[in-house]
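One chain follows as structure tokens, the form predicted on its own.
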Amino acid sequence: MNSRLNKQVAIITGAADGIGQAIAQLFCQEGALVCIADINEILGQEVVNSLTAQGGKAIFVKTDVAAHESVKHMVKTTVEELGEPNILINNAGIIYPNESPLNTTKEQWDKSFNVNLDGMWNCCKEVLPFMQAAKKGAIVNIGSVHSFKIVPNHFPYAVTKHAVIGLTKNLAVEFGADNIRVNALCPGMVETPAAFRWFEESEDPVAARKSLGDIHPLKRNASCEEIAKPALFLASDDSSFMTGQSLIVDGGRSVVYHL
């Protein structure tokens, strides 16, 4: 059986759980050699152990995407142990829920941009020279429905996710001549471990989960696997003439008018 990512080297940030883990799982199944880059060493190593037990090739490198030196070390280790990166999935991110603009602290603002935007640029800056030399590469920046719609009390998350779209378009134009494609993948509500922790903290976890699902025309939230498959599309040659675009995978949430 032909694999869509045969022996391609993929770096996936924030892959210790949730969407990133699902992407890593699918990419390994499709023949990629995967670097799990995450700040959580315990969960990250567990993911690698699981992938290798299934016959995949994966490594874990503890990485703080907000720290450029940490990213440089991660990419250097990836090159030494797996090879030069062909694919970058910029998935690492943070969110401060239920924050209004005037209640947002400078620390929250700075941390949001350091991780959600600077972290992506740090990773891009380190992998782009390898992709330029190879005259081929695919970068997928994980945006959000928040990249296009403003949900109250999620400041400054939506600001950073809007900026991700600008970064994606800019890099797509600058590096298109090198046959490097840069696209954004923008999910709606996804049932990640963090989402389930939020459900459990509410008075009625079942109702909380249903209320978020009901926002979508499909009347449910996405699974992590339902985001991994579009990520595979954007990273593979299946989307070979697609760059600078934002693929919205949100169950129709962004097209619904909300009062």
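Remember, predicted model here, so these are calculated numbers, not experimental data. Note that residue numbering begins at 1 and tracks the sequence as displayed.
Just so you know, the form predicted together with a small molecule exists too; it's not on screen, but the next bit is about it.
Taking non-hydrogen atoms only, S144 approaches the small molecule to within 4.5 angstroms in the model of the complex. A residue is said to contact a partner when one of its heavy atoms sits within 4.5 Å of a partner heavy atom; N40 meets this definition for the small molecule in the model of the complex. Within 4.5 Å of any heavy atom of the small molecule in the model of the complex lies no heavy atom of P85.
Looking at N91, you'd find a heavy atom of it within 4.5 angstroms of the small molecule in the model of the complex. Residues placing heavy atoms within 4.5 Å of the small molecule in the model of the complex fall in a single listed stretch, namely 157 to 165, out of 126 to 134, 157 to 165, 102 to 110, 77 to 85. With the partner omitted from this view, the residue of V190, C28, L232, I215 that lies near the small molecule in the model of the complex is V190 [heavy atom within 4.5 Å].
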